[in-house]
Structure formats: structure tokens, C-alpha cells
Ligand SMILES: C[S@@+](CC[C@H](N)C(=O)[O-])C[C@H]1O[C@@H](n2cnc3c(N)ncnc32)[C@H](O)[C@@H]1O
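A lone chain, given as C-alpha cells: the form predicted alone.
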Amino acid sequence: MLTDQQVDRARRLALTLAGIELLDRHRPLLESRGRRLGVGAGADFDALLDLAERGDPGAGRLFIRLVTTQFTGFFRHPRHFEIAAEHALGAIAARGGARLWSAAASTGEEPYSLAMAIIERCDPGSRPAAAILATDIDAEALEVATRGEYGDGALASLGQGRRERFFSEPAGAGRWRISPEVRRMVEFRPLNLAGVDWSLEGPLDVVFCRNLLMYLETGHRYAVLERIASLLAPGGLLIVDPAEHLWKAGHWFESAGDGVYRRRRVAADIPGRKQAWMAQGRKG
């Protein structure tokens, strides 16, 4: 069982590395994940913390896996993908292209679902002028996403038509590879939302940031939403989990219901933008 001192160290490290706020109720989760990852609650856990605190890259990646949730799936909350695809098609018609961002892409099911939803609404054989950036803090999850290979269990939520259209290439026993028309629309890139350098530019038409904000410490959460607002085109969409809300950052957006928010069109509604996230970076 983790000691209070170990939990306190893990809490400080999670906040420093990823802006994640660990609470007392997360102790059993840390213990169970640690066992699954081969990190015991005793000396092994202390050794991991020691190395991660000293900046060891491998230990840092393992600790991130310990404190982040990578539960995902294809077309989770299907209405979100319908809304995002229709908005992307509107941007393509108006400006000749659309840019979308999946900010917590995990193992790739979300951005690939976005690509599928857009393709389904276009003429057969055409190449939609839409680019999807997919990022995550977990490097191992991104490796899975980049391979684009999934087992029957992961594809269970897809109808037979989508499976046949978008997963036509077998990748071994019980595994299927995403089709090239979907894969070429998505670029995967590591990104830490708690970091100062995001290495991406606006304007963006749609941002998916689902099941993430609830894990961030209040200051980091506000800074992330402020930066997303600065990257979204006026009228662009921010899509979060329906159970999440925007807290004190809601003044940059207007709700369209069911976890969908539209970026307000008046640019002057961001007084002193960048200040919060720049200050957050200086603290780190």
C-alpha cells in the first residue's frame, strides 16, 4: 500500500509534469495501475519517483502512464462526430480547407473517427481538404495510434459497413489496419497541454478536448482553455465531454449543448490573452 509520503510526492510530480491534480481518492487507482505496470508500492515506487523527479525521460514516461487515463473507443458519443464533421465541411466550403485537433488522442480512435465521419459525408473517391492533428502526452499510446492496428474488441462498436470500408487490411490474427484514406488525414504528435510550447498554430475549426479537463488542476485548466480559445477561429467548435463544463473560462464560448461550445466571434473578449498560460509556464 502506498504511504502518505509517496502519495504526496506523486501528487506534486503529477502537477509539475502534466498539470494533473491527484486527490486522496486516486490512491487505489495509483496502486492498481502500478501493479499492472510492474511498479510495486514499496521501494519500486520510490525508485520511480526518484528518477522521474531527477528528469529521467524513461521514468517520466512511465509515471505519466501511471497517472493518465487512456480509456477510449471509436465514435464515443457519436453526435459529437456528426457535429464536428458538418462544421468541417462548412469550413471547407467557405475557405477551401478545415483544420481539426484531437487534444487527447490516446491510442487514436478519436481522431480516426473524426476522419471517418468527414469521409462519409464527401463524394466517394474524393479527398476531403481536412487535416486532423492528434496529440497526447503518452508516447506509448501515440505509437499504438500511429500503427493504426486494432483488434476485434476495439472495433466492436463499429457497424459492419464501417469495418469493411475503413479496416480492409488484415494486420495479423484478429487485428485490422486502418485504411490509407483515413490514415493520411491524421498527423500524430506528442504534446503536453501543461507545457508552454504547444508547437501548433491557429486558426483551428474544431478542437476535441474530451475527458481531460476534469483531471487538470484549476490554474492549468484555465490556461488550457484560454489557449484553445486563442487558437480557435471565431465560431469554431470546442467539444468536451457532456459531463464537463468550462468553469471560469466559459466567457470565451457560448454553449451549443451536449458538451459542444462555440468560440465567441468578438476577439476583444480575451483581455490580456496568453497571460495565464505564460504565468503558468514561469511557475514550472
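Note that the structure is a prediction, hence the values are computed from the model and not measured. Throughout, we count residues from 1 along the sequence that is shown.
Form predicted in complex with this ligand: not shown, discussed below.
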4.5 Å heavy atom contact, T146 to this ligand in the predicted complex: no
Would A91 show up as a contact with this ligand in the predicted complex if we use heavy atoms at 4.5 Å? no
This ligand contact at I20 in the predicted complex, heavy atom, 4.5 Å: yes
Does any heavy atom of D205 come within 4.5 Å of a heavy atom of this ligand in the predicted complex? no
State yes only if every one of R27, D46 and A59 has a non-hydrogen atom within 4.5 Å of this ligand in the predicted complex; otherwise state no. no
Selected contact from R76, R177, R183, R165, since only one has a non-hydrogen atom within 4.5 angstroms of this ligand in the predicted complex: R76
State the residue from A103, L158, I118, I132 whose non-hydrogen atoms include one within 4.5 Å of this ligand in the predicted complex. A103
Pick from 92-100, 206-214, 150-158, 121-129: which stretch has non-hydrogen atoms within 4.5 Å of this ligand in the predicted complex? 206-214
Sequence-ordered list of residues in 177-198 near this ligand in the predicted complex, where near means a heavy atom within 4.5 Å: L191, N192, L193, A194
